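The chain below stands alone and is given in structure tokens; this is the form predicted on its own.
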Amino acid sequence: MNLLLVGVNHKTASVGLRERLAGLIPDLEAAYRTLTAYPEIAEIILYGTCNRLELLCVTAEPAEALDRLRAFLSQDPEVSPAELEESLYVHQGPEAVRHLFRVAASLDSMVLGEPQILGQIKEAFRQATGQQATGPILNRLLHKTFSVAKRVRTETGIGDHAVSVSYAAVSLARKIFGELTGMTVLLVGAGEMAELALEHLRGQKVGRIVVANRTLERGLRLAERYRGEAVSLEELEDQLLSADILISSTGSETYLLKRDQVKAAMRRRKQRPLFLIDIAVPRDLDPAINDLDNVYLYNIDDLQEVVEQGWQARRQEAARAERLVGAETVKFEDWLQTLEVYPTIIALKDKAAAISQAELKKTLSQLGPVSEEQHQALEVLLNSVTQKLLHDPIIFLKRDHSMKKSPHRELDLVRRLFNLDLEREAEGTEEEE
């Protein structure tokens, strides 16, 4: 059996094509019903995100299975076969395993080290098993995939460094305050990056969330989403008294807060530390604010510098992760190749057992009546001799495939040496007769 993986992602396909292919996802039951009906496909899983769509299957006929998967992806009349062919990538065998490991470990993501992809693959696996589309090979592969992704996450620092402006803002806040639990966050404006920073902050279990926006209605909608409260921009100075972290992204043409305003607020706050993040361009906050004691002001350029440092650190960690993925790929491939060995081992044991039983029966008929203890002793003797004779051939078959020059030739040699295929052909002839 072979592993075959086909797909498109942000590196190979346009957003438009990815969106059209994503239309295959909503009706998963119908998709799996079509895919599992193909006789060339023994097991299959389909998973997709906003940046990729991939199908991974187990097949004894990879060329035919590839044609089936291409046809499946081309079923939407809006999907151009030429565009699909240009964007589609294909991996087989160890390369399919390695690719899946890299995807789950977020080494192939648009944002290196993002954690969301693993959860998406886990959910896809749950859906595939629910449709009875997977079997022993994919089940083992997916569980190994989850294990590899976890090792990458825990044994490397690939997810430890900020690689987005919003994440950088939270990283800086943690450096200043240590723990962010229970902190009060004041969001000025409802810009996308500010909202993303708020999303990260919520993950740090911040306390009260206040949204100050020029349009109160939009502020209310955003506040409701984060279980916060909305205020008007006119209340900004008053809200400074209770805020620990302020994130501003309004695009105002003038400063919303000047040095003197923040200085006055700091006196009333009794110099309790205040963290200000100005993501707006042009800036919302007077740069002179940063001169005040216990006030920490960062603008978009400061955050970009943190992001660049984060990217460099993640790229270094990615090299360690790639080595781990490579080693685990080899291990899985070795396991996969041993599946070819087991039918021969079983046939070898079955033949030896049949010969032993036939010889025991012949011997007993010549000896005449024997006691139950003697009968058992003869069986134990035969089993012991059989196991010892088969021990070396079985070890020979099971030994590390990666160290063998021609594993298939050696497998064939053992089958011929012990006449296993002729035995099977003879059985087939008897059945036909």
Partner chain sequence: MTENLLYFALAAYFGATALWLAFFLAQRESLYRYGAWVMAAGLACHTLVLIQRTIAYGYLPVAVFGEALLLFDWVLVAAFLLFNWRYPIRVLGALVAPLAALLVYGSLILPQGQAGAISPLLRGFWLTAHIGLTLGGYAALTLNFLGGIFYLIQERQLKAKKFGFFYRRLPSLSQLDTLNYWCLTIGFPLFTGGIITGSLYAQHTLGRFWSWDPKEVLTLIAWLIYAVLLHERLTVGWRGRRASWLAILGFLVLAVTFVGANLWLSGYHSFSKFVQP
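Predicted model only: the values in this text are computed from it and were never measured. Positions refer to the first chain, counted from 1. We call the rigid core the largest set of C-alpha positions that still match within 1.5 Å between the two forms.
One more form of this protein should be noted, the form predicted together with its partner chain, which is absent from this view; the next part is about it.
- From the list 201-209, 171-179, 96-104, 138-146, the contact stretch for its partner chain in the model of the complex under a 4.5 Å heavy atom rule is 171-179.
- Taking D334, E78, E155, D238 one by one, only a single residue has any non-hydrogen atom within 4.5 Å of its partner chain in the model of the complex, and it is E155.
- In summary, among the residues L196, L112, L292, V330, the only one with a non-hydrogen atom within 4.5 Å of its partner chain in the model of the complex is L292.
- Three-residue candidate spot R272, Y298 and D302; every residue lies within 4.5 angstroms of its partner chain in the model of the complex by at least one non-hydrogen atom.
- Interface residue remark: R151 is counted as part of the site for its partner chain in the model of the complex, having a heavy atom within 4.5 Å.
- Using a 4.5 Å cutoff between non-hydrogen atoms, D160 counts as a contact of its partner chain in the model of the complex.
- Put simply, S356 is far from its partner chain in the model of the complex: not one heavy atom of it is within 4.5 Å.
- In the model of the complex, its partner chain lies within 4.5 Å of some heavy atom of E317.
- L303: CA moves 2 Å or more between the shown form and the other one after rigid-core fitting.
- Once you line up the core between the shown form and the other one, the Cα of A264 ends up 2 Å or more from where it was.
- In a rigid-core overlay of the protein, A173 has its C-alpha displaced by at least 2 Å between the shown form and the other one.
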